[in-house]
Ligand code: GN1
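Next up: just one chain, as structure tokens, the form predicted alone.
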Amino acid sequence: MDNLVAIARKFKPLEKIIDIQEFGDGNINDTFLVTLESKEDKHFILQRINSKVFVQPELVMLNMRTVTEHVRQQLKRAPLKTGCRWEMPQVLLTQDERDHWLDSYGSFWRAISFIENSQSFDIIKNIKQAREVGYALGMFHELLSDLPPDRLADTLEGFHNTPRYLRHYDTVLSKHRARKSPEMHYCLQFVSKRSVWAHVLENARARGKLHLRPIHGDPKVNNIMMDKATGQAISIVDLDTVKAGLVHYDIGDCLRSACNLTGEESNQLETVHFETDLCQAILKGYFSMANEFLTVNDYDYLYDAVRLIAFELGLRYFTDYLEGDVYFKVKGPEHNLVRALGQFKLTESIELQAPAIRAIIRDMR
């Protein structure tokens, strides 16, 4: 605790620190909520960046500052209508104006403002909330739609590049010698049957049908912040994965996360189901903000995005399981295998409801 207080003071040297607690359930970074004795900013987020995942964390910070400053300028030029609230987490600087601090062990620490009077949810509770989730992602994309994507560094090379994940999977699989359980056999067959189709979005980009834009990279439900009083979406947080990419990755990941009411960590695989009513509400909220910049080709590949990102995450979990859990935090030796099974079951549910999902997308045009 004393060590955390000392680190927190690098960013808020004049404030009295009352408490520091672990915060959230992220799989990558170590996150803490710092409580201050202050009349204004009562909290901020302190994080130790996982430099094994983000090998150039200084570029993560550069992207974060680029995006948050761009949004700030956008809202300054065109304020939201009365009654609407939208905030972006702001990077806090040290006394010497740095956006991070390195401790004696070389750990990379950063501090971010806390979105007060807000809350997030792991699982969507109703249709209204689903629409707000879609609205938040649409707002984020709209505010960044005129930011040149080449201004953002590629902090996670290959992130959301499914063919690249497949190549890594093949390499890991070729070295795996453990006995194959029935669950592993299911996963192996599942990946094998979809390995050719999984190139769909990257092939479309290579042919010039889809184009790079600024994306969030990880817009799952619990990264959307809701106003406690109004229930309106007011922010999207966890900007570590912001980079240039296909907006389809964000849309697919948002729907994958939001339309599975069993959640990402459930081991009740028989209950995994893609909820099309939530999908419709999320897309309605999204398109209320994003229709201006989406193209005909963007619409044509939306169903593929919904299906692909669930498959991709399952593939990543399964690969990490085979590799010995080197990427995602786990709570036991089978954790990543169970996660993979959940995402593959979700992919199956999406595939079974393809006509309904395509109809929802078609009706939104």
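Here the structure is a predicted model, which is why all the values come from computation and not from measurement. From 1 onward, residues are counted along the sequence shown.
Keep in mind that the form predicted in complex with this ligand is not shown, yet the notes after this line are about it.
A residue is said to contact a partner when one of its heavy atoms sits within 4.5 Å of a partner heavy atom; K220 meets this definition for this ligand in the predicted complex. Using a 4.5 angstroms limit between non-hydrogen atoms, D250 is distant from this ligand in the predicted complex.
Using a 4.5 angstroms threshold between heavy atoms, T35 stays clear of this ligand in the predicted complex. The closest heavy atom approach of E264 to this ligand in the predicted complex falls within 4.5 Å. Contact here is defined as any heavy atom lying within 4.5 Å of this ligand in the predicted complex, and by that definition each of G26, L156 and Y317 is a contact residue. Only one listed stretch (59-67, 36-44, 295-303, 326-334) carries heavy atoms within 4.5 Å of this ligand in the predicted complex, and that stretch is 326-334. Taking this ligand as positioned in the predicted complex, none of the residues of 340-365 brings a heavy atom within 4.5 Å of it.
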